[in-house]
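Here you get one chain, nothing else, as structure tokens; it is the form predicted alone.
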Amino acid sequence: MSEEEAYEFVKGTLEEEGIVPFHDDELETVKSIENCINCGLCINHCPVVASVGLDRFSGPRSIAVQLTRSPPEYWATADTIYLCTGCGTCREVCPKNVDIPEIVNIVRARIFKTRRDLVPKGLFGVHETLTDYRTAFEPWDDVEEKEASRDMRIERLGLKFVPDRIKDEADVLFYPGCQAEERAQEVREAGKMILEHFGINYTLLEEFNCCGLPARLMGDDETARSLAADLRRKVKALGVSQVVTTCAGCTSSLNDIARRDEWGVPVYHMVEYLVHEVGLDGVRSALKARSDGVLKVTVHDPCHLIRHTSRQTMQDALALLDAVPGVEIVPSGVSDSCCGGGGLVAYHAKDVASAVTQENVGGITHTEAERVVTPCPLCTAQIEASLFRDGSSIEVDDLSVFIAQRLVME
């Protein structure tokens, strides 16, 4: 058989099985599988395996190994691939740098494109919302009800209302992310309040749209790239020199697409922006002293910051908390474990997501902390819900909200 005949034979087999060949920009990631030495570290450190066992989730190594086999076994990964939270722990501990989280995204994209029947049904609601509204959460039907909910939240939290600012010739685009835009509105309001307090020349988008991360996580690469292109066009039209977000997932996603699509604009999480652009001394001088003793807090590290962006971001978060008068940081021992909310797992396998979260809850409740603080609305919601179900009195705050509450108001 000639080389050309062999190529046509292989191509025909792939077409019969509905497998799309890898793109050039994916080959390096896929080839990293060849470096696997079967050490098992990824399995030993995987939070999903630790929470539900190998019978339910066969682990990161099985994903890599099955990808190198025949087409039928390639599709067999569908039972496993959607239970990965994408935390990135496997990549972090791998001595050969096998990029399992990105391999998961590549496989999901092929399943979504050619074998949509294998995609968990719970994800199609997210897909419909993304395609209909260009955001991950369905917008409120009644704007007045949304504003009433916002006002109730910020009043309860003691935050100051700052009118939306949409303007030309701003230096910074404040991009709160889908969850803060529609659900956790207090995070969006806290972000505006912080930027306003420090005199930052910022703007919001006139028409918000998702960065594309949820679409990419479910495998809908076409929608993900379309959303990213929309966002790039808007950023370029605004002419801003920086993008600031309060969402951990958006931080990692925006950094990736800004680099890939050549935005030429740096992206910061709010904690990075405060530490490196405003400065710790400026933040410290803007925070009011606590009058009712010491508040003990423990910190949760979002996976999208420590493993998909940089661990330095959480060092910045700790530096910010350390600058807050009357706050004592209490280690939980599980600060950098996955909250269970990533990878869209909670949309179709709530028991798996909850089991992963439980490790965090166990570590948190065994501390003397009165509050959990994390720079991620998704982690906040996931941990808060689990603590509530366990009957815990420990409160959970997004870090941007925590900082905004303590700003000295004029």
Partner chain sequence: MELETDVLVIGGGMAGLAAACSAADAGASVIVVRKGHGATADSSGAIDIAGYLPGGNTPFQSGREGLRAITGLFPYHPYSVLGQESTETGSQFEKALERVEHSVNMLKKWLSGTPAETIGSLERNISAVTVLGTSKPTSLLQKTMLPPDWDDDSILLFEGFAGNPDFNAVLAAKTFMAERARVGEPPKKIADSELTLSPFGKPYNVSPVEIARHLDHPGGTAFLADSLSKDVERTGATHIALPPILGLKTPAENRRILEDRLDVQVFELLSFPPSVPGLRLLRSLDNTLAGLDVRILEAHEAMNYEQSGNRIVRVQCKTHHRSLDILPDSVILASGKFIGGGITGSENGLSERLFGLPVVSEDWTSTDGIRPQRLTRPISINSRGHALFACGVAVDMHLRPLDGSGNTFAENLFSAGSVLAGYNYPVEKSGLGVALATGVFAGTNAAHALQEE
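Throughout, rigid core stands for the largest set of C-alpha atoms superposing within 1.5 Å between the two forms. What you are looking at is a predicted structure, and each value in this text was computed from that prediction instead of being measured. Residue numbers count along the first chain shown, from 1.
The protein also exists as the form predicted in complex with the partner chain; that form is not presented, and the subsequent description refers to it.
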Checklist line | Output flag, 41, 51 and 91 jointly within 4.5 Å of the partner chain in the model of the complex, heavy atom basis | finding: yes
Note to self: To test your reading of this chain, name the stretch in 272-280, 320-328, 227-235, 161-169 whose heavy atoms come within 4.5 Å of the partner chain in the model of the complex.
What the structure shows: 272-280
Note to self: Is residue 201 part of the interface with the partner chain in the model of the complex - any heavy atom within 4.5 Å?
What the structure shows: no
Next item on the list: Please run the contact check for residue 55 against the partner chain in the model of the complex: heavy atoms, 4.5 angstroms, yes or no?
Entry: yes
Next item on the list: May I ask you to check whether residue 371 falls inside a 4.5 Å heavy atom distance of the partner chain in the model of the complex?
Entry: no
Next item on the list: Could you confirm whether residue 251 comes within 4.5 Å of the partner chain in the model of the complex, counting heavy atoms only?
Entry: yes
Notebook entry, point to check: Considering the partner chain in the model of the complex, which of 256, 196, 221, 182 comes within 4.5 Å of it through any heavy atom?
Noted result: 256
Next item on the list: Just give me the single entry in 131, 241, 285, 312 that has a non-hydrogen atom within 4.5 angstroms of the partner chain in the model of the complex.
Entry: 312
Margin query: Aligned on the rigid core, do the two forms place the Cα of residue 35 2 Å or more apart, comparing between the shown form and the other one?
Written below: yes
